[in-house]
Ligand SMILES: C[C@@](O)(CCO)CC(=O)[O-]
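Read the single chain below, which is given as structure tokens and is the form predicted on its own.
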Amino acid sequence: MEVCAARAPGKIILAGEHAVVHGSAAVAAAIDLYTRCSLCLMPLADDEAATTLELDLKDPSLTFSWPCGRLREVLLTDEAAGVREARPCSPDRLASIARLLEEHEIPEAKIWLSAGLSAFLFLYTSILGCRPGKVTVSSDLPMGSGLGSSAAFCVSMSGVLLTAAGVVTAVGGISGEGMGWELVGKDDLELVNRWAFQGEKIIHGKPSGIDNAVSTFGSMIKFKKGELTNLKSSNPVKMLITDTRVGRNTKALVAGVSERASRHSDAMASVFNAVNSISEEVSSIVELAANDEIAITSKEEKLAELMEMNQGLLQCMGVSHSSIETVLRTTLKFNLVSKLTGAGGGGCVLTLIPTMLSNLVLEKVIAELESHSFRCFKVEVGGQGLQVCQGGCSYFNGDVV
């Protein structure tokens, strides 16, 4: 039995959401909340009817399995071919995968699972063929809240499958936690990113590719009109993420901003231009080296001001929400600055945690936010991307998965 694992981080938008659709720059960053995938490849059996592919989703406590013979029959595939070149999922293949999912009779309340299961079956059978195995997935990321949960799923899944296929290997640098996670070389990360993007297309239709890029490569990036620029953060940035638990319709929010822009073209052009300036300044600030407490505090104050301005402009776009405003008012009582991240209309809110803020004050902030039934996560921004755990990994005792 071959065993391996991979983990990939979620992401936040530090500046520029919505305006980026209209040509402005935006800044995204990885966070140290992860989705983890482990894979146990089972030995091939003479009796094909006895072999299965199993997917265990720990967080919703759901398990799915498919007989390998049935996968071959429906998908008309046996061995994976050309895994070093990521291929899109053809309409015919997607229709075949849909037939496999119909056999599970997924209830209407869980219909959101279908896209993720389709991406899983496509990635697994494209990279490993119809080999029997068990994949286990767990995540720190709340789903559908703007933290890149689907991209982290696709990146970690692509990473573990390509590792099992022998085309992705660790480069030996152990990541900071001493948990057996190892870093991956740039060329291998590029391959993982291309496969993950194909999975994201199944889930989202026309994704930008930003989420999977941040999840794969980590750190921070500036993106504008399709161009990505890697940013090197010289000092750790800590954020409190508040999940309002309010669901939102991203497509409707994006469309609403576009409609407002068409009704008030000059005013909204000014708003988008201001957001672009904020994103460009955020990009410069995060790369500044601050070597003492005074410099660090100055840097954080500038970043907080830019976040505050960005939030005001997002309110101008009409994408705030009463739950977001509650977070803003609560954190402002403690002289902390917050902004929404992602589509808005609910979802998650970022609060900058100054280096000099005491743990006691932070605990009070979290307690008050949680009294509103919100959920809080303290994260470090701009960390590692995909990491893998190979071969005889001894961390399958619950620490990894």
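We number the residues from 1 along the sequence you see. Values in this document were obtained by computation on a predicted structure and should not be read as measured data.
Another form, the form predicted together with this ligand, is not on view; read the next lines as being about it.
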*Check all three, 13, 207 and 250, heavy atom within 4.5 Å of this ligand in the predicted complex*: yes
_Heavy atom within 4.5 Å of this ligand in the predicted complex - residue from 167, 246, 254, 94_ = 254
*Select, from the options 277 to 285, 208 to 216, 180 to 188, 302 to 310, the stretch whose residues sit within 4.5 angstroms of this ligand in the predicted complex by heavy atom distance.*
208 to 216
_this ligand contact at residue 343 in the predicted complex, heavy atom, 4.5 Å_ = yes
*in the predicted complex, does residue 25 have a heavy atom within 4.5 Å of this ligand?*
no
*Answer for residue 20 alone: is it within 4.5 Å of this ligand in the predicted complex, judged on heavy atom distances?*
yes
*If we check this ligand in the predicted complex, which of the residues in 227 to 244 reach within 4.5 angstroms of it by a non-hydrogen atom?*
none
